[in-house]
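Let's start with one chain on its own, the form predicted alone, as structure tokens.
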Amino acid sequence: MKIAIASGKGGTGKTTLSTNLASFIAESRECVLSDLDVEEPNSGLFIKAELIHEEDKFKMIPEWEKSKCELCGNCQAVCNFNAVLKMGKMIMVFPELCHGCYACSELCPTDSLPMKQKKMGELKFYKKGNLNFIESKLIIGEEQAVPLIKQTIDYVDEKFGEDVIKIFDSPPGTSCPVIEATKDADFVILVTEPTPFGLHDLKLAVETVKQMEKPFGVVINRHGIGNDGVEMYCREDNIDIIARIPNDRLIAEIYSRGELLYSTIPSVKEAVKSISNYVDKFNSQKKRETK
């Protein structure tokens, strides 16, 4: 079971929910939490676990070999991202634009653009009891998050079987990194807040997951502030509100200290318990339908 926790905007509480839900589930069974917000991962601030593995992650970038090149211009013609350009008597490669698709390299008639490794980030694996925590982070100056997100998900899939619940703390927004983080998820939890801004970006997120044909539900964080626009929207569109996490100063104080909430605040524990039960029910129903 893969659960992606996403939102249409930053600051809604994805990390709060991800870390507390994963830790709650890990009290009774094995669980994996993966922080896919690779540009600024912060789930590790709340997960106190032992580092057991780390590795560099690389993407493949073409490197021009002048001695072999006949300057046919085929590489420029096949590149959809303008990462390879023929300029006079030389071929320019722009690593920041390259998506590592291998088109220029594989279709070069003289093998003048072999693919070479370029470090893009790091992956770390932490463990505490039943909780497995995977964190990836882009190196400074690296612009593309999608390749590292994909490699992180592949690592999780290779390391853990299908019987383990996998929670993905996704990047904010509705752009390419979010699509990559949620495209293989069995269920998407959209976290929002009951404000006009929250509602606006929730609508964008809902349209995105609908286009991807992903089952989803909504969690309202900071419930009690703003207005009832989010509740009305969900009712009108028959969207399940899985849980509501109240707006509470104590939550902010505990969060600011880098501590988990559910073990101290009963309302948060009740919320993550409701979400866990909802996900289990969804998973059981899905298994029955596939038999």
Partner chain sequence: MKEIVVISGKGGTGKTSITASLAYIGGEDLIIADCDVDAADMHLLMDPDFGKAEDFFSGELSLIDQDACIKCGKCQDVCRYDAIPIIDSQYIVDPLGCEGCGYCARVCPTDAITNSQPNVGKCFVSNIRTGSTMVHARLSIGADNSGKLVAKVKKDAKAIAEEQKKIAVLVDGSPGVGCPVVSSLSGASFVILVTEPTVSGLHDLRRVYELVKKFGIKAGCIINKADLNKEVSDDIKIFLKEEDIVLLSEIPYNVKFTEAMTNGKTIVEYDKELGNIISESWEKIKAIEGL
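Residue numbers count along the first chain shown, from 1. Since the model is a prediction, treat every value here as computed from it, not as a measurement.
Keep in mind the form predicted in complex with its partner chain is missing from the figure; the text below concerns it.
Its partner chain is not shown here, but in the model of the complex it comes within 4.5 Å of a heavy atom of G173. Among residues of the shown chain, N130 is not one whose heavy atoms approach its partner chain to within 4.5 Å in the model of the complex. In the model of the complex, H200 approaches its partner chain with a heavy atom inside 4.5 Å. L45 belongs to the set of residues with a heavy atom inside 4.5 Å of its partner chain in the model of the complex. None of 155-163, 87-95, 184-192, 208-216 except one has non-hydrogen atoms within 4.5 angstroms of its partner chain in the model of the complex; the exception is 208-216.
Using a 4.5 Å cut-off to its partner chain in the model of the complex, not one of S28, P62 and K273 places a heavy atom inside that distance.
In sequence order, H99, G100, C101, Y102, A103, E106, L107 are the residues of 87-124 having a heavy atom within 4.5 Å of its partner chain in the model of the complex; the partner itself is omitted from this view.
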